[in-house]
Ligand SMILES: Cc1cc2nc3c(=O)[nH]c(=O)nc-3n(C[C@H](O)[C@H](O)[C@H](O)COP(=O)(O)O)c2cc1C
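Before any questions on how it binds or moves, here is one chain, the form predicted alone, in structure tokens.
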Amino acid sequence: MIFEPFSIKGLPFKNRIVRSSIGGKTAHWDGTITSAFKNFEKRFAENEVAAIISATIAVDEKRASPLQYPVLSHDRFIKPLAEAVKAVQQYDCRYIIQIGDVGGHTQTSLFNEAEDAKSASTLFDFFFGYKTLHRAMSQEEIEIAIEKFGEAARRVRETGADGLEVTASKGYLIHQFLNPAVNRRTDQYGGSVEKRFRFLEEVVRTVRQKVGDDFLFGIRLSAADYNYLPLNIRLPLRFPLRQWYFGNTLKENLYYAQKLKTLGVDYLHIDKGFGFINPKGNPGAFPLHEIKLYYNGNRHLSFKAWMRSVLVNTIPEFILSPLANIGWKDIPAISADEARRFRDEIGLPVIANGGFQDRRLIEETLQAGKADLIAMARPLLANVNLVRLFKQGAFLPPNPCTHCNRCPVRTANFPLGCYDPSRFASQEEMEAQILEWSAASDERLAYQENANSMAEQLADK
């Protein structure tokens, strides 16, 4: 079934493989994408994925993080993004732009900024975000955030993209309002499951108004939060403790999904877990060395950031590694069974995300009716030609992704690429692969081609 076409709202997909969102330093300091962004996305389109879902593009320039990630908070960002969209579409590849707001989980900043603490409620979260305390947004700030989503959605349509996806997952701002352990509000945006949904509901209504009824509009939603993973300290405790410990379960998220269908959402993109990164959304190993690097690079931003850096560098690794790896395991098709529940009970097309790489497993998932499309990111970063290999009859690439989770953390500080040394014969080979992925601009490629041509001419002489 991988190579059977599929359509959502009349938009055809040539096969069932979607490149999921991958963030990276492919923009200028102000968030304007560079040709590195375009050429990065083109490589997947050239290798026959049916669609690309962009990195989560920030709707609020005050919480654009990490630096040099794309932003869509002003009309000046439309034109360069439109050029990238057009470059992808020429390969019969659909381009869906994902927008979001990191909220209190903002990862990095040039300086400590008050805006980076904004969340559903005031609380301490040790693992996510650099601010020592996340701060509850005011009614006015909530209204401004909703409007920013709407304006970013308008810009998405003006780029000529095939569709729009809003992330209500990954522990980002919308997810912070949905999650009962994080959302401790007592106003119309918190408390009951209905009130926690209100922020997302108003975002969806505003977005649909801005893009129109004929434009493809999906939501990335977590099937269940698993608040207890990754190992974290989130204070004060929330009662009942089951909400603090688990967050939303499948039951609550199916309720959210039914409401989203009623609001006119066209598809659901299902993953698992709360926060980025987390062991349910990024099945595999915990990238301890990369976390150390990340913490060390941001220790200046707050007391919490400093303390995290001190702890990970002080605690012996033979103690820290087993603790940090609690709950982290490479589980194939980790969200597939839950995705089936959404597909069967809600009746919307479903994209399943997490733990896919084996062609046999993808075929089984599709044939069993667990999902309509399969999204993956890390395996395609490791093997951009994976879909071509499937076409040739391969079940796995010769050098598969190990799901080590080094790349999601490394690329907050460094270029996009695979950072698992076990996949390469030497460090030089790994570095060459990273630089190839980030071979940034048309200008650089043209320069290299000219240099090679001149070298050949000199050699002939």
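Please read these numbers as outputs of a predicted model, since none were measured by experiment. Position 1 is the first residue in the sequence shown; the rest follow in order.
One more form of this protein exists, namely the form predicted together with the named molecule; it is left out here, but the text below deals with it.
- Among residues of the shown chain, R220 is one whose heavy atoms approach the named molecule to within 4.5 Å in the model of the complex.
- In the model of the complex, the named molecule sits within 4.5 Å of a heavy atom belonging to R378.
- Contact check for T26: every heavy atom lies farther than 4.5 Å from the named molecule in the model of the complex.
- Though the partner is left out of this view, N353 does reach within 4.5 Å of the named molecule in the model of the complex, counting heavy atoms only.
- Residue in contact with the named molecule in the model of the complex (any heavy atom within 4.5 Å), chosen from F390, W244, Y226, F276: F276.
- Of the residues C404, L416, A36, A45, just one reaches the named molecule in the model of the complex with a heavy atom at 4.5 Å or closer; this is L416.
- The stretch from 390 to 398, 429 to 437, 27 to 35, 52 to 60 that comes within 4.5 Å of the named molecule in the model of the complex, counting heavy atoms only, is 52 to 60.
- Taking the named molecule as it sits in the model of the complex, the stretch 270 to 296 comes within 4.5 angstroms of it through a non-hydrogen atom at F276, G281, N282.
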